[in-house]
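The chain below stands alone and is given in structure tokens; this is the form predicted on its own.
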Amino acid sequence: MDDNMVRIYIMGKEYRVPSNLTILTAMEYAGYQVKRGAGCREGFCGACATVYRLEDDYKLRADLACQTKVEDGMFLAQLPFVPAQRARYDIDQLSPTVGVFQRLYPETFKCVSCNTCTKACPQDINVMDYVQAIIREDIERAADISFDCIMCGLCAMRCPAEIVQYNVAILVRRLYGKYLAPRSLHTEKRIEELNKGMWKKEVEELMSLSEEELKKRYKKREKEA
């Protein structure tokens, strides 16, 4: 076999693909038209969750197809999405307490601290740590740890307690942002000024500019030290 080519198996069928490709581009090289399970395409949006095993290795691995290079003997399957329940709620009717999670996501409290969710996370987020922080009602810490979540769903897919960690995490960040985060007084002042029409003339001027003129204006702007 050519040293620049590797064997991979997509949905059980063998293909030969260049060794420098990501899983996502290798699938397209093999002839698959990826319509679902691809978003930013080699950025970091979380749409291209994939699971795979390597030859002679028992371990089931999970990652993003746009970030992971193919390896010889890789058996893989891409997941267009990870099905999961999402609680319905009105954030204005909630409070930043552990009781909210006990009511909306009771499975959170079945966490067995196996840390499988953390091992599955392509962002290297300590998923189990923010779940445990929620259980201790440390909303601020849970929001901070889960901040970089891209909602790929791999944590929930691997969880033996069937917790939907990423939906739990977005709720904890919403609660923190609405009720606990320090208020930005200068932002509130600017919003008040806008509501009073204080910057109406300037906004209308910007809205009238072409894209090229806006780019020039942006490049010439004064930058804070």
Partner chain sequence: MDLKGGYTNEMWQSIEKVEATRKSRVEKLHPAMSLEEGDALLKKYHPDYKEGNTRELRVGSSKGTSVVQEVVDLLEAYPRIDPDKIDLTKTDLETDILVIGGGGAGASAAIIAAESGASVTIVTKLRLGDANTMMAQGGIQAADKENDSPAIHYLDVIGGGHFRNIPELVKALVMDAPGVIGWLEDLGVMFDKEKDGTMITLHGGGTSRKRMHSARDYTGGEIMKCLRDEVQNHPDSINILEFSPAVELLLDEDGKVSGAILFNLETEEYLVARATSVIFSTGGFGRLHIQGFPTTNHYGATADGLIMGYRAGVKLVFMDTVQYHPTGAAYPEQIVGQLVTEKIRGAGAEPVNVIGEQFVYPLEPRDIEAASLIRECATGKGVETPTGMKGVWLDTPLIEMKAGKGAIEKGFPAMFRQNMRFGINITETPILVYPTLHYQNGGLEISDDCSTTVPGLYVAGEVSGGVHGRNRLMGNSLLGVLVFGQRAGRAATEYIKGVTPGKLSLKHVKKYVKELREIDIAEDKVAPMVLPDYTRKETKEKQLTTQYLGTLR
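This one's a predicted model, so the numbers in the text were calculated from it and none came from an experiment. Numbering follows the first chain given and starts at 1. Heads up, when I say rigid core I mean the largest set of C-alphas that superpose within 1.5 Å between the two forms.
Beyond what is shown, the protein has a form predicted in complex with the partner chain; the following relates to that form.
Worksheet item: Which listed residue (34, 54, 51, 157) meets the criterion of a heavy atom within 4.5 Å of the partner chain in the predicted bound form?
Response: Here the answer is residue option 34.
Discussion item. If we define contact as a non-hydrogen atom of the residue within 4.5 angstroms of the partner, is residue 111 a contact of the partner chain in the predicted bound form?
Written reply: Result no; residue 111 lies far from the partner chain in the predicted bound form.
Practice prompt. Could you confirm whether residue 204 comes within 4.5 Å of the partner chain in the predicted bound form, counting heavy atoms only?
Written response: Result yes; residue 204 sits at the interface with the partner chain in the predicted bound form.
Worksheet entry | 4.5 Å heavy atom contact, residue 151 and the partner chain in the predicted bound form | Contact check for residue 151: yes, within 4.5 Å of the partner chain in the predicted bound form.
Practice prompt. Look up in the predicted bound form whether residue 60 has a non-hydrogen atom within 4.5 angstroms of the partner chain, and give yes or no.
Written response: Looking in the predicted bound form, residue contacts with the partner chain do not include residue 60, since no heavy atom lies within 4.5 Å.
Item to complete: Check each residue of 76-91 against the partner chain in the predicted bound form and list those with a heavy atom within 4.5 Å, in sequence order.
Response: Heavy-atom contacts to the partner chain in the predicted bound form: 86, 87, 88, 89, 91.
Worksheet item: Any chance the CA of residue 210 moves 2 angstroms or more between the shown form and the other one, core superposed?
Response: Yes; that C-alpha moves by at least 2 Å between the shown form and the other one.
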